[in-house]
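Have a look below at one chain only, the form predicted alone, in structure tokens format.
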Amino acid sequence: MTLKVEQKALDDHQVRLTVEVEAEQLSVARRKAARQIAGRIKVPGFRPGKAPYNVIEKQVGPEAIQEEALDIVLDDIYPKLLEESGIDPWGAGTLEKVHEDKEPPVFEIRVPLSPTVELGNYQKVRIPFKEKPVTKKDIQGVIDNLREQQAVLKPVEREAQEGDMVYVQMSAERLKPDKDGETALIKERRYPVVVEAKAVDASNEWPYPGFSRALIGLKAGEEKQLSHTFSKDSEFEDLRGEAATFQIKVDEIKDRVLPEGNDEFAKSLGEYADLAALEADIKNSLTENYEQQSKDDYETSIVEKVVADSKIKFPPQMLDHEVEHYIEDLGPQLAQQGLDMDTYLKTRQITMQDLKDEVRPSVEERLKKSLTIMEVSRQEKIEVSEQAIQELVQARVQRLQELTSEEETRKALTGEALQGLVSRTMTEEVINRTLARLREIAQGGKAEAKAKDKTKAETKAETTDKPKAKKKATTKTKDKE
């Protein structure tokens, strides 16, 4: 049977199919639906599945039979509908409307289309690669940070000044109540605050940039009230746009005495002969970090250029799916912080829909980049051999065994979990090789790129045997009374 189908392309990369269905086919589907329903329910006086149509219709209603009948018809015609229409669907279609008043009945079905990417002339993309050199200021910054971590606190009876640790009792009230009528923004509690130097970047300071310097000149026991309106792009998402007053009372002030950045300080951090050895180690670590960051930034700039020059289309359902996947991935991250999703939403005073709306733009950008990279890999014929995948998976399995318990490893390497590991590994390797190809293109071709990679490899080899800086990130500040 050939279906009579009309197609209408929609603006959101979907297509509406209007298909005529024989009245007899719908009638047969209703009878089949009634038999299926009869097999699932108890009908007094009849064995399961043996009650006649009119009895089933009276018990469950014609709407229930009709709904199941439509599903039966759709299951029967949908595969053939796609084949005859030549449609490449991204996912299942949606039955939007049934015109039973027409003869024959007409179905309207909305079908999301597979994504398409029309690349621009990515082969002509040229972007200079810029490496970030390690400066003396960078090295000194690390040393200063290490000194900060080793600071000794000494109580003082004077006004607070730059560099002090000031302990305050603090609370904050919203000028306008939130949607629940709550005015308390921060409940009163004791907070330690380091009074930052004027030259320090305070953009990430809590509760807002410049807060600590408002404490300068205060003595223990003194109080102060501050007003602040958080910017719409504040680093702290749950405070964005809030206007509030802060009530502060200074409990105590402690001078922070930092150790001298000398040979003795270097020796206290690890197996360093002197300060010069520590500085050399820091330089090696920073060089490695900067090289990786430069490479990541370079790849990002290339991909952004290729995406900007491409025409990318995908249905809204695909973006919805990616948003859901992103939210699911938040679960384990929140668990590491001792939170579940409900608690997270409550602390931020937002709904799940608010969260989805918030992450949608970034997820959309990520989706565009992913689709673009995969299309480049297709056009460049980027492939990964089965042997290469096996070796990569084996390496991951080995790392997994080293980092997790035997039971967790077993769960991660069975059934669908193992298939997912293989699939992710293959996808990531294809992406890595595609990015390498794009770097090669953007630097002017294979020969030039290989020459630069060789120079980097030689430079890295020269520093491989040098020790790495032992940065005591977890070192606690010493509090000397």
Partner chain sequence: MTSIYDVLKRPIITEKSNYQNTKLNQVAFEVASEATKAMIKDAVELMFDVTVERVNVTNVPAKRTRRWQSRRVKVRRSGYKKAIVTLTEGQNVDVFEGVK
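Small disclaimer: the values here were computed from a predicted structure and weren't measured. Numbering follows the first chain given and starts at 1.
Missing here is the form predicted in complex with its partner chain; even so, the following discussion is about that form.
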{"query": "Close approach of residue 55 to its partner chain in the predicted complex, 4.5 Å, heavy atom", "finding": "yes"}
{"query": "Heavy atom of residue 424 within 4.5 Å of its partner chain in the predicted complex", "finding": "no"}
{"query": "4.5 Å heavy atom contact, residue 40 to its partner chain in the predicted complex", "finding": "no"}
{"query": "Close approach of residue 45 to its partner chain in the predicted complex, 4.5 Å, heavy atom", "finding": "yes"}
{"query": "Location of its partner chain contact in the predicted complex, chosen stretch of 46 to 54, 24 to 32, 65 to 73, 430 to 438 [non-hydrogen atom, 4.5 Å]", "finding": "46 to 54"}
